[in-house]
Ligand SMILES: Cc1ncc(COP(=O)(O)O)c(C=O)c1O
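Take a look at this one chain, the form predicted alone, written out in structure tokens.
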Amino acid sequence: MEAIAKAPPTALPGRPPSPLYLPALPTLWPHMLAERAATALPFPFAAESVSYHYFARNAVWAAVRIFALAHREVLVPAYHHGVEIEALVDAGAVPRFYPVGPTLRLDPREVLDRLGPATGAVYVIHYLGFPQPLDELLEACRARGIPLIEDCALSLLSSDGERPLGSRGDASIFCLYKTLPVPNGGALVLNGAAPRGLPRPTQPSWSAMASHLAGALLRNLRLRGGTAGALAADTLRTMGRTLAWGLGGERVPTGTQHFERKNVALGMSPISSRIVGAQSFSRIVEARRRNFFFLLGRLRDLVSPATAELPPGVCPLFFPIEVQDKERVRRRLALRGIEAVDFWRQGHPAVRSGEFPEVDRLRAQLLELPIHQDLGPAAMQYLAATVREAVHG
């Protein structure tokens, strides 16, 4: 599945389009709709108590209800997407923020100093597949009888050594479509707790999924098919939306910035479950680590201090670099067919600008480069050379 493919015309005016296309996320290959992998599913899919949701944010909302955290304080990192905070608040929790340093690692003492009588839970985010130090926090939470929730939305298939991330806290949350080519999917793992009073998630309609399935395939067509692939992708997108509209299905897009209560009961679609079962998980981890190591060797002067090393067991989600003008760099990469991600520029408005200076700097400078399993050595060579040109050009 080596991929350096021709790209569709860029939307940026005044420049010729790039002949290549490297998407930010892995693509859906048609054979994944029919094949089943021969190996057993890993954690979290093999967890004893796991429920599947349309969004990871739905799992956050459910965790608040399961642990009766309404009107209670939840300690959360100041560096966050924002939608998980909206889900916590909508479910009734009261977030209180703690700092995150330039290496994307929390200081356990900063969290422990904020524990008080009103604290109902500690919420930890494992960034980009890299584990947070949990020992002291777990000990403190156990002593107080409060849950520790692991947010693994960016860390599917990642481990701290031999132990999967998400397997130590009382609950863990995963986003599947950031790592796997599924049109939707989030998971909630409960380690030792049983759900209380939550309805079983409802399945999205097939008509509503038509557009999503087309969208999941079109990136693969764009990746492999050059101009013809771009045209076919546009046709598939139109067909999917037309079919969903004609059958009366409501499209529920992923990747949105805000939590919506009306979608909280939606579960993961059957087609996502089928695609999960077709994955070669060991190959995914191997490819991501190989691509990360390659860029680490070529772009070490640009790499974020958060990920200057790749510990054993980590399945990296992206390769982060820190740049002074990341929008300029992102646009330059887009002109060359590379989809870089402006990582978490905006957080939840409850965190005021200047309150956490290190977090403000991360939001202003961190840019994510794709390293997913569809990209082979030639793609990484092109990416490394293009990034260096975009940054220093």
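Since we're looking at a predicted model, the values are computed, not measured. Residues carry their position along the shown sequence, with the first being 1.
One more form of this protein, predicted in complex with the named molecule, exists but is not displayed; see below.
Comment: 53-61 is the region of 326-334, 40-48, 53-61, 346-354 lying near the named molecule in the model of the complex, near meaning a non-hydrogen atom within 4.5 Å. Three-residue candidate spot Leu302, Phe319 and Arg363; no residue lies within 4.5 angstroms of the named molecule in the model of the complex by any non-hydrogen atom. Ile125 belongs to the set of residues with a heavy atom inside 4.5 Å of the named molecule in the model of the complex. Contact between His81 and the named molecule in the model of the complex is found at the 4.5 Å heavy atom cutoff. When the named molecule is considered in the model of the complex, Tyr177 lines it closely, a heavy atom lying within 4.5 Å.
For the chain shown alone, Leu154 is a contact residue for the named molecule in the model of the complex, at least one non-hydrogen atom being within 4.5 angstroms.
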